[in-house]
Ligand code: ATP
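Quick setup: one chain, the form predicted on its own, written in structure tokens, and binding and motion questions come after.
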Amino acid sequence: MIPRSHPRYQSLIKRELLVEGFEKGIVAPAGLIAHGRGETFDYLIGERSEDFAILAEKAAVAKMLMARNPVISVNGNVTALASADIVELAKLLNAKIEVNLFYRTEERVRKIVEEFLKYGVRILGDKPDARIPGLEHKRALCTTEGIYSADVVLVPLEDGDRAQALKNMGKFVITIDLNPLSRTARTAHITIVDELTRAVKNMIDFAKEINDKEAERILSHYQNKVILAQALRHINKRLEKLATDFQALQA
């Protein structure tokens, strides 16, 4: 039992959810490593949703609200950490949910589908009938109804190769990635440099507020390269300040 007074409470709860997901067979072993890598960048950012993240989250919601067939792609980590919020976000955005796994087994797919069924939602992906061109891995498997015909795809915690392949198909790619230097972050049309659960909760709030006119205004001003630059400058400035503070303590 983790006491709420613990200074690392939220971080430790997420770790426990991932361990639970791993024990259920939802999270792959490599997913635990990937989470730790992302958590490192969250430390550097300051473990909060900064302005550059908020702007990207608003733009992501705006784009999905205006989409013809928006799809949210989920993997094991997303399912373990944010399945309930993903369901709420999908309903607000009128988006489909499709499971896609790098380390794909039919058992893992089935367990993820069953996890979403707890919320009364049937997700796509357990019966793929199409492939993403340019990918030889099982990650290419998708459904015609979902990812293959989508115009906008939200791919949280994504692999760079698939993000590029989706972009090559002409799809508008949105990602949630704490690492602004990753291939996925640099490939996506909209990159949300924020922790998954914070980002999805923020997007839920924005989806309740943004109308069509506001969505067009937000997108007309959005520039993803500027957002990535702001994220990197923020990390740099924060580290410089921390270094100065540490040095002052030694004076």
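Please read these numbers as outputs of a predicted model, since none were measured by experiment. So that there is no doubt, residue numbering starts at 1 and follows the sequence shown.
What comes next is about the form predicted in complex with this ligand, which is not displayed.
The contact with this ligand in the predicted bound form, taken as any heavy atom within 4.5 Å, belongs to 157 out of 109, 157, 87, 165.
A heavy atom within 4.5 Å of this ligand in the predicted bound form is found for exactly one of 26, 53, 59, 196: 196. Interface residue remark: residue 44 is not counted as part of the site for this ligand in the predicted bound form, having no heavy atom within 4.5 Å. Using a 4.5 angstroms threshold between heavy atoms, residue 189 stays clear of this ligand in the predicted bound form.
This ligand in the predicted bound form comes within 4.5 Å of no heavy atom belonging to residue 142. At the 4.5 Å threshold, heavy atoms of residue 38 reach this ligand in the predicted bound form.
The stretch that touches this ligand in the predicted bound form, counting heavy atoms within 4.5 Å, is 170-178, out of 146-154, 113-121, 90-98, 170-178. Although the partner is absent from the chain shown here, 34, 81 and 183 each have a heavy atom within 4.5 Å of this ligand in the predicted bound form.
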